[in-house]
Structure formats: structure tokens, C-alpha cells
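The data below hold one chain only, encoded as C-alpha cells and taken in the form predicted alone.
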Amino acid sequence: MASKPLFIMLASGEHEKIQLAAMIASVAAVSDRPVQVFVTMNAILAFRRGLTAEQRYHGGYFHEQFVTKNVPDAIDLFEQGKMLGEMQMWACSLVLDLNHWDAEKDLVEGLFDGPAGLAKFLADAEEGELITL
């Protein structure tokens, strides 16, 4: 029996929540589980193009440990999940519009499959399991 698709809604900008989303998504994708990640609200700020790791992440109890102990970067984990498994990432169209951003120009190159609306993401998520971070 095939695994249900996993849908992850990432809204928090806290480093540890972005890191957890990346770990869950990449492990699921490389384990042959389809994954859809919807990035919205404060979380999308960490995916702006041209940021260093120091500029990208903030907050959360484990933030300093992630940085000082060289934990694999969340962006790298998302990229590996997309490369090695069935993973798609969507940027919230509302947040893009509010910031006057274009997913292809303003967000990490090659990571997002495009913009998406919340209603479509939630409708698609009915066929699988939904995690919100």
C-alpha cells in the first residue's frame, strides 16, 4: 500500500520550526513518500534570495546550537528532498503579493515550484496528512 502524501504548512519563521519542516520533508521524500510544502507568513522570509544563514534564521531554543554545531542547513535539506524524492514546494501567493515578490526572482533559486493559494493547498491536503509548523 502506497503512503499517503504528506502536506506541510510552514508558517513560523523560527529557525527550529523551519529546520524541523526541512528534516521531515526531506526524510519523507527520500523514503518514497510524496511531499508538498506550503511556505507562508513569517516562514517565507527565510527563503529570500541572497541571504546568508546568519540573516536567514532566528529564534527558537535550538537556534544557537544549530549554528554552532554545524547542523545541515534547512535550505540544503529541502533541496536534497526535491532532488532525491517526490517533493514540491509552494510559496503563498498572498504573502508574495503583499511583499510585491515574484517566487522565481525573489526566493531561493530553483526551490519553489511556484506560487499557490491556501485554498488549493488545503483542498489538495485532504488526500493526505497535514502538518502545520
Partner chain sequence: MAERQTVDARGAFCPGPLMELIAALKLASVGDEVEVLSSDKGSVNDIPAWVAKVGHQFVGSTELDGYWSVVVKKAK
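Residue numbers count along the first chain shown, from 1. None of these values were measured; they are calculated from a predicted model.
What comes next is about the form predicted in complex with the partner chain, which is not displayed.
In the predicted bound form, the partner chain lies within 4.5 Å of some heavy atom of V71. Mapping the unseen interface onto this chain, T132 falls outside it, with no heavy atom inside 4.5 Å of the partner chain in the predicted bound form. Among residues of the shown chain, V30 is one whose heavy atoms approach the partner chain to within 4.5 Å in the predicted bound form. Contact check for L111: no non-hydrogen atom falls within 4.5 Å of the partner chain in the predicted bound form. Each of S3, M23 and S26 places at least one heavy atom within 4.5 Å of the partner chain in the predicted bound form. A single residue from the set M83, L94, V67, L51 has any heavy atom within 4.5 angstroms of the partner chain in the predicted bound form; that residue is M83. Only one of 41-49, 99-107, 55-63, 75-83 places residue heavy atoms within 4.5 angstroms of the partner chain in the predicted bound form, namely 75-83.
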